[in-house]
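Okay, here we've got a single chain as structure tokens, the form predicted alone, with questions on binding and movement later.
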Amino acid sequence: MDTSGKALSYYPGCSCSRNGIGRHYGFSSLAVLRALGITVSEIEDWNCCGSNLYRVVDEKGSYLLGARNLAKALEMNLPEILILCPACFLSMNRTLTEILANTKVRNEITKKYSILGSPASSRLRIRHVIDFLVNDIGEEAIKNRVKRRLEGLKIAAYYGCQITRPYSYFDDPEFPTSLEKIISWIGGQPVESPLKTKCCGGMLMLTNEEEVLTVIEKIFNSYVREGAECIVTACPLCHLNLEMARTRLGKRISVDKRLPIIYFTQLVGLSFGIGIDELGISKNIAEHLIEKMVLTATV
């Protein structure tokens, strides 16, 4: 698909912002998009997405927070909003769905953000970066920019629970394949697991660590049995939980301590030849992966 001249607004959210726990997800995603010739403009003065946790306490307040970001994107005339964090993706989609389908919510929101009551709001689209890379950029464009192919590297794609649920418009909610497509396009060998969309435990790690460790142990073992040499994530919280669990599980699992757990955009960026500092990848992880890579001729 021709994406030349395509422009999107970009919502980093709290996790993927410059100081967030998923900042390297943000840095690497922007680097990959630049390499593909895509321009994104950060939403001016964005705020919290409204958070699914906050929605439980104050539903109206949650919708108003999300709506402010949507209004800002419309004011920039960039109604197609690119999002990285699955929780933000879910929260912003929920807000947009309510604005379009729930008259009571729409009336409350348009009192404060009148632009969301205009015909322009029908152009709003919330896009996850996986969806955009697979369905707008596509296989040919990604393959053409690969400088180091990950020939034969067995890569496990861990989606977590929110990327395709409940808003599964771009992939199957239980058995998605979009990440596996990207992995294969950069030369890797996707490793399947029936637990790839199982919840990592989320914030429960703070209150019931043992329960979360038990869940993640099953996730790790499902990948280890298939010979995974790398795990890619697309969620800052999933990434954090997997990293913490790998350390805390100790001898309970047979996971190699060098097994890289990285954001999928970092892996794509590495295959594009983007520098490890720009991608936020440690030297040790980069060396481990580059050992598996082969140089390829690129256009």
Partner chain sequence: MDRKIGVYICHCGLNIASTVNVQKLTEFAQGLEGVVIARDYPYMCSDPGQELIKKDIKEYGLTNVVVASCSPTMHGPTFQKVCEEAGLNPYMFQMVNIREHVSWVTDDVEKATEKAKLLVAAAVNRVKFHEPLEKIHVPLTQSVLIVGGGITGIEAALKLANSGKKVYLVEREPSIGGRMAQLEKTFPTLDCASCILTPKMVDVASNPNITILAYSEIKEVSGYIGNYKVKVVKKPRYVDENKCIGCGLCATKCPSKVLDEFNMGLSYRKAIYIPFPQAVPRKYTIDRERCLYFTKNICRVCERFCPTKAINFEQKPEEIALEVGAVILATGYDVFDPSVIKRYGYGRYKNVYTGLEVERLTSASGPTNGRIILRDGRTPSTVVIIHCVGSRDENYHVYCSRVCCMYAMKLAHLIKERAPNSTVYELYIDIRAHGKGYEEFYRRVQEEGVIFIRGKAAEITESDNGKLIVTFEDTLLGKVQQIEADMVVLATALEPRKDARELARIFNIPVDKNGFFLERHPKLAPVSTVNRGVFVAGACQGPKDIPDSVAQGAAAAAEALALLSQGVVEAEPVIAEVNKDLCSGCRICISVCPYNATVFDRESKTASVQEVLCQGCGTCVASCPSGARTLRQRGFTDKQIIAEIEAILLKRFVPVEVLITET
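Numbering follows the first chain given and starts at 1. Fair warning: this is a prediction, and the values are worked out from it, not measured in the lab.
A second form of this protein, the form predicted in complex with its partner chain, is not displayed here; the remarks below concern that form.
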{"item": "Location of its partner chain contact in the predicted complex, chosen stretch of 138-146, 194-202, 68-76, 151-159 [non-hydrogen atom, 4.5 Å]", "value": "194-202"}
{"item": "Phe175: touches its partner chain in the predicted complex, heavy atom cutoff 4.5 angstroms", "value": "yes"}
{"item": "Partner contact for Lys104 in the predicted complex: its partner chain, 4.5 angstroms, heavy atom", "value": "no"}
{"item": "Contact label in the predicted complex: Arg123 to its partner chain, heavy atom within 4.5 Å", "value": "no"}
{"item": "Lys111 within 4.5 Å of its partner chain in the predicted complex, heavy atoms", "value": "no"}
{"item": "Contacting member of Asn221, Gln189, Thr97, Thr214, with respect to its partner chain in the predicted complex [4.5 Å, heavy atom]", "value": "Asn221"}
